[in-house]
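To begin, one chain is listed below as structure tokens, in the form predicted alone.
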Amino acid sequence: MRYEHERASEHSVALRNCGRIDPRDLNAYIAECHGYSGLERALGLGREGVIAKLRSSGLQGRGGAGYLAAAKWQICHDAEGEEKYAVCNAVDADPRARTARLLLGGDPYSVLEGLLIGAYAVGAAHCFVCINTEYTGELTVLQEALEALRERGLLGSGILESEFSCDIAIKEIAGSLVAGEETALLQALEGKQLLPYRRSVYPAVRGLYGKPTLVNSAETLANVSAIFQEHPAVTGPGGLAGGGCGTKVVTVFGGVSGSCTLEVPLGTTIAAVTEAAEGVPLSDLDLKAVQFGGPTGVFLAGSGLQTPITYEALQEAGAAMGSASVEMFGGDRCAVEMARDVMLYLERQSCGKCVSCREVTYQLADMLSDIAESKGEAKDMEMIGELCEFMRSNSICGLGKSAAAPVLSSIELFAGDYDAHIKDKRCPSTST
């Protein structure tokens, strides 16, 4: 995978140090990147002061939901209980979005500093970093970083000669879409099967081992350390503290230029990101559609490509931030086959706990395969709609609730492709 740092260097926040320093060199992080000045500032503010500063930044969690980070921290801070946990979800649930991999392999200290700031704010003495099992190189970098922090007195008892004591452990998690669900991740941390559960309260109130637990993504925590270091990208006119919206790490793939990861200002349109990745104007790209937000994301085309990448604008467009990945599909692709391929993947990713998700992804994959082979019937379209609604209404986790989105959006955008397969018994992408 090709990662692009330079294109976003002037406003990089999460990726600000990637490619700039040796990720294994704690001294370089401290000397050149103001490392752990953010934690020192946080310790001076006190727990309530930390949350107040985070609130004033307006930082939205950089996971799929965009929940205000300070609100989550406040809930965990206020939750009753002497024992609390803080968790960094650095599992890339979407196999083609490598944000966590890039951060842990290229700048682990900014993530770890953000995690420690969060732990201090909520009163947690035990932290975990969850990382994909297959990320062996990044795992080594992370292990070396933790050891260096302990040797420097930045982990363990009396951090920075304060009363704050905390340690961080690593938990390897098999990469899957379900790992993006907080409750499933906490189950895995407890040594249980990676399965989501229906929650009556947020993990911030009752999470790991039934204790209040703060869970944030690696990208969120990298933003946290930048905020408390008062990095220029944060304090400048376009930064969070300067009245801007901040940035988002986006991965683009499927085009002629291969895959790349960019950090762009929130509010950048999907079209602009696609153009930046390919290096040519949108008009020069033979695009049928893009799928935004990962395997459960919607397909967008035409005016939909002008959607700004913000949590609010995406929701208004019927989309979601998800993994913030952009998959490009050329003009010669068949929408039925696109939807079928996505559903076949989601069927394999379903954990199987919910009957609605387990059975409906199977049925949809089967029905879409029949339609793609021109064996479908008109009545199948009505059944697909009913199955999608059943799965959305009855699934426990976000995977099942959003798995119908790519199918429904492809039908809405490209009804003609479905008609060609069902009525004319031909595939429009191969017909002359």
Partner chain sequence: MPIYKHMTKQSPIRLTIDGREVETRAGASVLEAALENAIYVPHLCDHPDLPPAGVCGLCVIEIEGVGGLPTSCVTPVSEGMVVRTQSEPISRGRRLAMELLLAGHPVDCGTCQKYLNCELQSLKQYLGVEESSVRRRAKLLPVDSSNPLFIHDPNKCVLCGRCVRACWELRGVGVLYYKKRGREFYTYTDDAGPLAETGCRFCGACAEVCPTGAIQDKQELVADKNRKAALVPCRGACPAEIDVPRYVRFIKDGDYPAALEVIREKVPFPKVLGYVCDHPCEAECRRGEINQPISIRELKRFAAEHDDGLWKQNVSPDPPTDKRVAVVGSGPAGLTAAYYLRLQGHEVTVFESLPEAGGMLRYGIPGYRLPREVLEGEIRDIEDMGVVIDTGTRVESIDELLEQGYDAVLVAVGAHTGQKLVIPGASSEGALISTEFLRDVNLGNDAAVGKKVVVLGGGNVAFDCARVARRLGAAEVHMACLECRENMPASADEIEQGEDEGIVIRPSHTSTRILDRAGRVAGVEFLDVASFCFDEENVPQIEVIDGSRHAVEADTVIFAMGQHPDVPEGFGVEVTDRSLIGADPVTLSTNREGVFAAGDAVSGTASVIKAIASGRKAAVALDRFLGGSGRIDKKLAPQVEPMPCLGPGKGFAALSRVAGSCALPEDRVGNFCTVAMGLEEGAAADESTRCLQCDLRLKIKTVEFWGSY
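Positions refer to the first chain, counted from 1. What you are looking at is a predicted structure, and each value in this text was computed from that prediction instead of being measured.
Note that the form predicted together with its partner chain isn't included here; everything after this is about it.
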| item | value |
| --- | --- |
| 4.5 Å heavy atom contact, residue 359 and its partner chain in the model of the complex | yes |
| Close approach of residue 394 to its partner chain in the model of the complex, 4.5 Å, heavy atom | yes |
| Contact test in the model of the complex: residue 320 vs its partner chain, heavy atoms, 4.5 Å | no |
| Residue 333 within 4.5 Å of its partner chain in the model of the complex, heavy atoms | no |
| Contact residue in the model of the complex, chosen from 351, 179, 305, 328 - any heavy atom within 4.5 Å of its partner chain | 351 |
| 26, 43, 367, 33 - the one with a heavy atom within 4.5 Å of its partner chain in the model of the complex | 367 |
| Stretch from 217-225, 154-162, 186-194, 288-296 whose residues place a heavy atom within 4.5 Å of its partner chain in the model of the complex | 186-194 |
| Sequence-ordered list of residues in 385-399 near its partner chain in the model of the complex, where near means a heavy atom within 4.5 Å | 386, 387, 390, 394, 396 |
